[in-house]
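What follows is a single chain, given as structure tokens, in the form predicted alone.
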């Protein structure tokens, strides 16, 4: 066993030089890996990603700033329904957790996973117990407070059999932080009949790079809905979550709403792999690019089992001739009884619609903003009502039409 661990350690050290096949390559040594002490708690700025710093209206909360997990809390009415703690605490408390750690994501996949496996600090562990329905949303915040810091976290979400929950994760930087790097490894495990709606809102700075790495394993009749929302500038973000449906009659949806601004570079999408039969998978992307931003949308659905249904839909709206959108849908089926489809469209604002709205009394900018908001309509995410209101408010703020 010791020899096996040593071999794995050497493999990870070699992987520190392995770039991702997508997105700009980053020099990890150019970032700080230590902070000067325990950071201050964030304030109302976390509301920009839909989080309540007091945890009101939430079943439970997790807050991490830089490398420090500041607090976890669970409402009393849900203490017998779930666990929330830091990743390190969970590994110490539950010996059986080793059955899940790094099983949905390969730690040697690239330099970002390898660094997190070797040097990561923090992240959250959330477990919803068997048969428990958590009606109020859970919230988790990963906050980058120190400039030029490399924040590498490992998250594990375990949904036991027939459990259900909604999780809202907000990731952001302090307004005064310019450069930084966030590495976020997230592993999801949904047991038979489990249901999870996962909504992630990013609010980074224009010189911050982000590399999420996500793996999802789904058993029979489970349901996973992932909503990704990014409406503010970022230096670069590269993400390609992989969902493996190892059971049957499961359902997965990967949705993203992105508004590229400035010189932002996004390379995102997802891969749904239907290993078992009678599964359903959908990847939906809505992207707007302005100024000199560039977005690549990659969406892949594969069907190995029979009677699976999958659909990809990627729509892009370009507001600037200096911006760029690339849609890369990919379908692979090894079953003659499965049906996989895709749609992709990239275009510009409809000038006739703009003129019509202006004829109704709106200025050009107001008319264009209204059409853009319609294109980025968060109702396509099919969120629960409470989260729907939160996300709509986030979009209003990002569009400069805050309450």
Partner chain sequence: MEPILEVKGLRAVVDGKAVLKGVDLTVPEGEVHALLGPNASGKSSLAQVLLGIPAFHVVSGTIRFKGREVTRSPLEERVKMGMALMFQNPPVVRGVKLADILKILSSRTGSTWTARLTSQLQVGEELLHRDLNYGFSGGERKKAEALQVLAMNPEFFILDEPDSGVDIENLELMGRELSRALEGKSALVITHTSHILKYLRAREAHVMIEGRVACHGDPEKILETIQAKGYEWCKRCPSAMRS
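Residue numbers count along the first chain shown, from 1. Definition used throughout: the rigid core is the maximal C-alpha set that superposes within 1.5 Å between two forms. What you see is a predicted model, and the numbers here were worked out from it, not measured in a lab.
As for the form predicted in complex with the partner chain, it is not shown, yet the points below apply to it.
Residue 349 falls outside the set of residues with a heavy atom inside 4.5 Å of the partner chain in the predicted bound form. Of the heavy atoms in residue 353, some are within 4.5 Å of the partner chain in the predicted bound form. The shortest heavy atom separation between residue 360 and the partner chain in the predicted bound form is within 4.5 Å. In the predicted bound form, at least one heavy atom of residue 374 sits within 4.5 Å of a heavy atom of the partner chain. Proximity of 99, 101 and 119 to the partner chain in the predicted bound form is absent: no residue of the three has a non-hydrogen atom within 4.5 angstroms. A single residue from the set 41, 34, 366, 45 has any heavy atom within 4.5 angstroms of the partner chain in the predicted bound form; that residue is 366. Of the candidate stretches 366-374, 54-62, 25-33, 334-342, only 366-374 has residues whose heavy atoms lie within 4.5 Å of the partner chain in the predicted bound form.
Once the cores line up, the CA of residue 349 ends up less than 2 angstroms apart between the shown form and the other one. Comparing the forms between the shown form and the other one, the C-alpha position of residue 360 differs by 2 angstroms or more, with the core used for superposition.
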